[in-house]
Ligand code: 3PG
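A single chain, nothing else alongside it, follows as structure tokens in the form predicted on its own.
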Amino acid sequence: MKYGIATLDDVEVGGKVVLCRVDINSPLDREHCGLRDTTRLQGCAPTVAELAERGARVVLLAHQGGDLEYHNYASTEPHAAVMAELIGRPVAFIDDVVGPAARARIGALKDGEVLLLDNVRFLAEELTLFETKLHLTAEQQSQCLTVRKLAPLGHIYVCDAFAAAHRSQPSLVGFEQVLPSAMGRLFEREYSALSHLREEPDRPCVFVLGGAKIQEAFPMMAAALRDGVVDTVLAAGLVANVMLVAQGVNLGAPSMDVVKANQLERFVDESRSILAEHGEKIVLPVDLAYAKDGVRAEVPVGDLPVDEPIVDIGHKTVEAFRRIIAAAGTVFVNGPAGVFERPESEFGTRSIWRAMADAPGYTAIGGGDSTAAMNAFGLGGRFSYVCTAGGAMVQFLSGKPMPVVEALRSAAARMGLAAGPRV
């Protein structure tokens, strides 16, 4: 048991039906009916392989897109072939979740076989809107359709979906109320790495925060500064733009339109508070880049505004960031420095990612865009730790409760694992 949660070492799975919740939500290649990125499948494959090798009858539950990510909302059928290739054994698929066909197929499983059910978010109770509108307790969710139909067929529940650990949905927190439960190997690895990052990072600890999802970056930054987790924050992307506005910098109408269009004005006031309290720990860009007719140009912050959108940080800022990263004991990055998908605006992100890849300290990267940039620049395998989670990582580093963690701990207590028996 680790962190008050049972691990796969605490459960006997041979000959038992294991309901295993994974997070294999992936960007889709609709033209070829496949997946554009398989990072999350690669992450949980060791857990699936171990369960099958130990003789479990493995039932995989997963989501793909949903009501807040509708462009990726689809069946999980393409994922079965990818998982089969990763674990080196067949993975069956059924286009059902809790209906008679799915239940019959689960009942027919043999030891070592793996079955992937269809997208659990085809059930309304698994949608984010169901979660955010009803606010059901974990106990109440154990009475939802997903758990009522599938739990009687299972012997053990395993959660390997750390990327969804901040969610409170039946397939994530309901099964723990009625079945012996444990975390999978990916969940265990993610939890351990983020715990190290939050509780005992090698010093100095540097956070590089960028990207467009500043709704996630600001709570994480505020908590890390407040709790003394981070020694220096390097701000880039929209995070930097908003903080510069808080300092009275006029970026120019096009960049301000981006801030307003995304309803980010409220973070200007939050930036003022953070800068007032922790300004000595925050490094903002001294120059920025914009593009006109596809040609990159850079401008010192003191010479703003410009009539084009800001798309990257400049060379002087990159050089300052590189020196700080090279001297750090721990570097964590979440969010690109600019629009890395375009040649004229990739310089900042590419340079920072390479600086981290070359840094002697512990380097961690998190978030989908950050990982995509790492892969685009051919830097896979050059970081100490790559987190598959996005929102869950942010919530963990912000010190907020994690519904799935709490459910797994409650299950471990009910299993009596403090005394050490295997279930």
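Numbers follow the displayed sequence, beginning with 1. In this text the structure is predicted, and so the values were computed from the model without any measurement.
The protein also exists as the form predicted together with the named molecule; that form is not presented, and the subsequent description refers to it.
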Of these, 296, 155, 105, 167, which has a heavy atom no more than 4.5 Å from the named molecule in the model of the complex? 167
So the named molecule isn't shown here. In the model of the complex, which residue out of 128, 137, 262, 273 has a non-hydrogen atom within 4.5 Å of it? 128
May I ask whether 54, 112 and 159 all come within 4.5 angstroms of the named molecule in the model of the complex, judged by heavy atoms? no
Would you point out which of 358-366, 379-387, 23-31, 44-52 contains residues with a non-hydrogen atom within 4.5 Å of the named molecule in the model of the complex? 23-31
At the 4.5 Å heavy atom threshold, is residue 79 in contact with the named molecule in the model of the complex? no
So in the model of the complex, is the named molecule close enough to residue 220 to count as touching (4.5 Å, heavy atoms)? no
In the model of the complex, residue 116 touching the named molecule (heavy atom, 4.5 Å): no
Close approach of residue 236 to the named molecule in the model of the complex, 4.5 Å, heavy atom: no
If you apply a 4.5 angstroms heavy atom cut-off, which residues in 109-123 are near the named molecule in the model of the complex? 121
